[in-house]
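This document starts with one chain, in the form predicted on its own, laid out as C-alpha cells.
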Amino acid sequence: MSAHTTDASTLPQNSSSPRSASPEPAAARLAGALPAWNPELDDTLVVRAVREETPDVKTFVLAPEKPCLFQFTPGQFLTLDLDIDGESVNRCYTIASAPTRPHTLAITVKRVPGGPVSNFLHEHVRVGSILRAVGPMGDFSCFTQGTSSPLPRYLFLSGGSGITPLMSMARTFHDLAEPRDIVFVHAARSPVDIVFRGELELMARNQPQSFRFAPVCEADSPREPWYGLRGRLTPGLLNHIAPDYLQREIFVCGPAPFMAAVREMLKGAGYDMARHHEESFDFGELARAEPEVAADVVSAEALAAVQGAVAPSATTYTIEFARQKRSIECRSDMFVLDAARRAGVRLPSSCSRGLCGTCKSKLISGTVDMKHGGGIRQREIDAGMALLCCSRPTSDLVVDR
C-alpha cells in the first residue's frame, strides 16, 4: 500500500513556513506562559517519539510545531485527518497521555489486520512526520462524570486497546498525587499483550494504599507463562479482584463485545447502572473497514423508511453520491447518513453525534442544516464540507462519496 505523509526531514532547512518541523529549543518550550494549542489556527502536529508498547501496539507522541500547550480532560479523544493513497481519511484515537504533562500528547494505536489507518500509522509514521488533527473532544471522563463524592472509589475496566482513556485518567491522578481509590482491571490475550504493563505496575508500587492493578490474561505468551488471573471477566473474578465493586464508580472501555458483556454482568449483579460509564462509541472499530452493504439485500422495511410517505412538514430531496454513482431519497427531517445506511449506501462513520469527523464529506452541490458537536472546523464548513451524521438536507445534494 502506498501512502502519503510529510516528513520533517524533507522540508527546506531555511524555510520560514510555520510548517517547518525543526524542533524549538527545549528551553523555549518550557519558558514563560505558552498559549493553548488551537487546531482552528494550526492543526499540524509533529511526531516527537514512537514507542512500541506490545508487538502490535505503538504509541505516537505528538507536539505542536510552535510552542504551546495541550488542554484536555482525561478520557477525551483526538481526530486525525490523514492522507492515505490520495484520499482524506478521518480517524479518532483516545488520548493516552495526561493533561498534567501538557507539552506533548500521545495516542496509542493497535495494528488491526486489514485496517487501513492503523497499518498506515505503524508502517509509515515516524519521528518527524507531520499529522493533521482536530480536538480534543468527548465527554467520557471520571473528571466530569459520576458521583459528587469528594473522594469516590473507582473501578476501571479495560479490554485491549480500550485501555487508553482509562490510562489517561490514571496517569493524571498519579501525577497530581491525589488520594483516589482506584482498582484498574485490564483484560488481555496474553502477558505480552498487556499495554502499559510496566508503568501500571510502577503506579501500583508508588501508590500501594490507593491504586491496585489487576491484569487478566486468557492464555500464556510463547515465552512467558501466565501465573496471574486467567480467563475472561466474570462476576466471580470481579468479586475476587474488588469485593466492593457494587459500591464503586465504574468506567469501561474496550471492544464492543467486551463492553456489552460487562454491561450485562453488572446488571445481573444488581449494580446501579447510573454509576456505570462507558465510551459511547468503540474506537477499536474505527480501524476496521465498514462492511459493504449491498443495495439488493436491503430490506423492504428499510427502504420504506427512507422512501415512504412524507409527513406534511417534511420535503423529500435527492442525494447523489458521485463516486458510487448512487442516488437515494432523503427527507428533510432525516440525517443524510441515516438515509444512506437504510438505502444500502456504504459510508464511513462512527460516533453519529457530530464529534469524531469520520463521516466528513465534501458537498459538491446543495445545502444542509448541520448541528455538529465539534468534529469539523469552521474553515472546512466554509469550504463546503459537512458531517453527514448530523446534517439534514435543505436541497438536493451531490456528495463526493
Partner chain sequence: MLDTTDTPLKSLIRRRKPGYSLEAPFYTSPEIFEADMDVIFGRHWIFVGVEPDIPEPGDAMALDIGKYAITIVRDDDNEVRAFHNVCRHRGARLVLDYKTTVGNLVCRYHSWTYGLDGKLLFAEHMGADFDPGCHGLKPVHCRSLEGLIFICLSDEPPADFDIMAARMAPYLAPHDLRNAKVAFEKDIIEPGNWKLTMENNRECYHCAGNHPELTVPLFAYGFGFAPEELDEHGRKEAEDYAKLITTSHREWESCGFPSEMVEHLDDMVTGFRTERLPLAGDGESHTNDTRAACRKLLGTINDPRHGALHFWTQPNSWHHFMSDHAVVFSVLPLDAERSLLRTKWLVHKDAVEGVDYDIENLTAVWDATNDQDSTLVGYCQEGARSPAYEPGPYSPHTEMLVDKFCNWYIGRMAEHVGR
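Take the two forms, find the largest set of C-alpha atoms that superpose within 1.5 Å, and that set is the rigid core. Residue numbers count along the first chain shown, from 1. Since this is a predicted model, take the numbers as computed values, not measurements.
Heads up, the form predicted in complex with the partner chain isn't pictured, but that's what we're talking about next.
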Using a 4.5 Å heavy atom cut-off, which of 36 to 44, 329 to 337, 344 to 352, 58 to 66 contacts the partner chain in the model of the complex? 344 to 352
Considering non-hydrogen atoms and a 4.5 Å limit, does the partner chain approach Ile376 in the model of the complex? yes
Answer for Arg323 alone: is it within 4.5 Å of the partner chain in the model of the complex, judged on heavy atom distances? no
With the partner chain taken in the model of the complex, which residues across 223 to 237 come within 4.5 angstroms through any non-hydrogen atom? Arg223
Examine Cys68 after superposing the rigid core and state whether its CA is displaced by 2 Å or more between the shown form and the other one. no
A 3 angstroms or greater change in CA distance between Ser118 and Leu355 is reported in the model of the complex. Closer or farther than in this form? closer
Having a change of 3 Å or more in the C-alpha distance between Val61 and Lys360, I'd like to know whether it is closer or farther in the model of the complex than in the form here. farther
